[in-house]
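For reference, the chain that follows is the form predicted alone, supplied as structure tokens.
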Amino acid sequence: MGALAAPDAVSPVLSVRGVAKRFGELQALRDVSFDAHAGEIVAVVGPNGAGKTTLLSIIAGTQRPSAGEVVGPPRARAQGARVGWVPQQTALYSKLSVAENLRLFARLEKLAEPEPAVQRMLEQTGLLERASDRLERLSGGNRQRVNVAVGLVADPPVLALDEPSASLDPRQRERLWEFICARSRGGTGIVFSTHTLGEAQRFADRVIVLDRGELLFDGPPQAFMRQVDGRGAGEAGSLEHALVAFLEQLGR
């Protein structure tokens, strides 16, 4: 299994340690462990039923693991900072405006000064001109930007996104990734799941490959492609093709 070594002096902003999750007889996750660092973009990939959404929801704190733990950096824990969460199905209020949604979630996060946080997110997401528009009147791309803004309103050290671009057209997807990459350059750790492996190949520093709840690979996308293609031709190939070949090699 590949691995991306981080400098010893850099502590992770997120540590997933031996996380397992069982739903009755179904073992959704099995002893999953990895770290994410400030400014790093980590993609979680795998076939349907691999455990991607379950892992992301445990990282975000919306589900409890059956075993193991998710740990943030000491400074973030001391300040009560949580992982920002952007689920695939938005939990926004369609009858409220963009700004009203952000204010509501800022208060739910118990921010001492919610209004500066709301204004910051309106500016950073390019939604300042749409602040008074109700959610139901926005395009899918703008609704998803509000969804991401809600996840970031408390300025968390880590942002977890489940299939963030699943319902977006190519132009909307490009604008969303411009924003996510800008947050990464600002030091936010990003962990996202996707079925669009071209996104993982293009934007992720590392890929976590899951199947049947098991972590099968953790390392840079190009290293994964080279591992699958022992001749090294995977360097210029497709992550999607490499994943299919990898699972076939394992008989999955």
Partner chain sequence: MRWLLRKDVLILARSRLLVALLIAYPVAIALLIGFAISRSPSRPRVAIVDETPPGQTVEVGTRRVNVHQYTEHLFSQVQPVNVGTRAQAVAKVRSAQVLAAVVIPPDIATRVSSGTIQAQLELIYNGNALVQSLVQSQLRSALAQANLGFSEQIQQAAAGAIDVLLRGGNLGVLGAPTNLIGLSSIPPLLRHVLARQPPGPDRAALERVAAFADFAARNLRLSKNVLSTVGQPIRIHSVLLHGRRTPLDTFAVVVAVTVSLMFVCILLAAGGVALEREERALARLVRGLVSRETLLAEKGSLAAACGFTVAFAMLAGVSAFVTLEWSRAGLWLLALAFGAVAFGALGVAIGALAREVRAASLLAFLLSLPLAFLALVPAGSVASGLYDATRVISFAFPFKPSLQALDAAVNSSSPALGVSILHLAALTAVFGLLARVGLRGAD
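Numbering follows the first chain given and starts at 1. Predicted model, so just to flag it, every value in this text is computed and none were measured.
What comes next is about the form predicted in complex with its partner chain, which does not appear here.
Participant: Only one of 200 to 208, 53 to 61, 221 to 229, 29 to 37 has heavy atoms within 4.5 Å of its partner chain in the predicted complex; I'd like to know which.
Facilitator: In short, 53 to 61.
Participant: Hey, with its partner chain in the predicted complex, do Q89, E100 and K110 all fall inside the 4.5 Å heavy atom range?
Facilitator: Affirmative, all three are within 4.5 Å.
Participant: Which pick from I180, L161, V150, V118 sits with a heavy atom within 4.5 Å of its partner chain in the predicted complex?
Facilitator: Looking at I180, L161, V150, V118 one by one, just V150 meets the 4.5 Å heavy-atom criterion.
Participant: Within 4.5 Å of its partner chain in the predicted complex, heavy atoms considered, which of L138, L176, L104, L168?
Facilitator: Residue within 4.5 Å of the partner: L104.
Participant: Does its partner chain get within 4.5 angstroms of any non-hydrogen atom of L96 in the predicted complex?
Facilitator: Yes.
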